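As structure tokens, one chain now follows by itself in the form predicted alone.
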């Protein structure tokens, strides 16, 4: 695919906050003593009077963000996903979800690509935790460009938003012309044999899987599902109606995330074979993030094999 420009989605988030803060004085940012890691330190340096370090207390951070939202501010609250979605879940549910307040939660270091930080800091459950909360919008951008656009869109979106961000530097897929919209999936490549529905860093993995499949004469359609909730049923069903089989790919537990959302959709509206690529309901050990993706089945080859299984099931079921 040629040389790729790399940038982490967490860094793109920090840079986007600075731009957003320059345009909108209502933007305030809260962090739980992790601003160097979440890159909210960039906003803190530019707008010290609109930045609040809440210390090692995500519960307090979320509650304060809710309070600021009641005054007309647009708070972005940031921490690691395991803390923002896990430790503070009750506050997110009651102070933000139940009250339907205009709070944006940007959680970095999601998934198992946190790597050497290990199982205590990995978070492969956060999509499930957030999508089950009423009123919550859940975004999983695929690269730095989409992250920036998701941050700007979230500021305009009325109501709670959860933005899932990653630690590692990953390839930039989109350019500035990319039309990101909350609630819309995007077809990156059209195909006829199988639909691959991916989010986050797994979009890049899926792009590589397309090349592997092409070598075997298989034309896969790739859909970037960066909004997990509300799910773009129209775009997904249009793709599945054409290919008649699907693969979901996410850096998350296969329970409760993108794969589950798609499974729920097709069970109700278009029963077809679905293979889910993700963490198989287990905790991942500590290690280099690329090695963890390989060990836990999140590589382009894993996506390829899942696509082949889905196609085989389709053919056996007479769903051509």
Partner chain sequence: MNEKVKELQIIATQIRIDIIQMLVQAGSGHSGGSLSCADILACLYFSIMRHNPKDPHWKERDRFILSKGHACPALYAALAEAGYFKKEELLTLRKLNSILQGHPDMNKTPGVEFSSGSLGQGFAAAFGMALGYKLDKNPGRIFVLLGDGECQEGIVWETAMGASHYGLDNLTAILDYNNLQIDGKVSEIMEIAPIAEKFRAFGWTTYEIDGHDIEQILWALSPERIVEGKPTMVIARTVKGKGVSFMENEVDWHGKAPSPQEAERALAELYKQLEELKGNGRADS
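Positions refer to the first chain, counted from 1. None of these values were measured; they are calculated from a predicted model.
Below: the form predicted in complex with its partner chain, not depicted.
The shortest heavy atom separation between residue 33 and its partner chain in the predicted bound form is within 4.5 Å. A residue is said to contact a partner when one of its heavy atoms sits within 4.5 Å of a partner heavy atom; residue 272 fails this definition for its partner chain in the predicted bound form, lying far away. Looking at residue 169, you'd find every heavy atom of it more than 4.5 angstroms from its partner chain in the predicted bound form.
Its partner chain is not drawn, but in the predicted bound form it has a heavy atom within 4.5 Å of residue 285. None of 197 to 205, 152 to 160, 210 to 218, 80 to 88 except one has non-hydrogen atoms within 4.5 angstroms of its partner chain in the predicted bound form; the exception is 80 to 88.
Residue in contact with its partner chain in the predicted bound form (any heavy atom within 4.5 Å), chosen from 54, 265, 255, 68: 54. Contact with its partner chain in the predicted bound form, judged by any heavy atom within 4.5 Å, is made by just one of 279, 292, 42, 28: 292. For the stretch 112 to 127, the set of residues having any non-hydrogen atom within 4.5 angstroms of its partner chain in the predicted bound form comprises 116, 117, 119, 120, 121, in sequence order.
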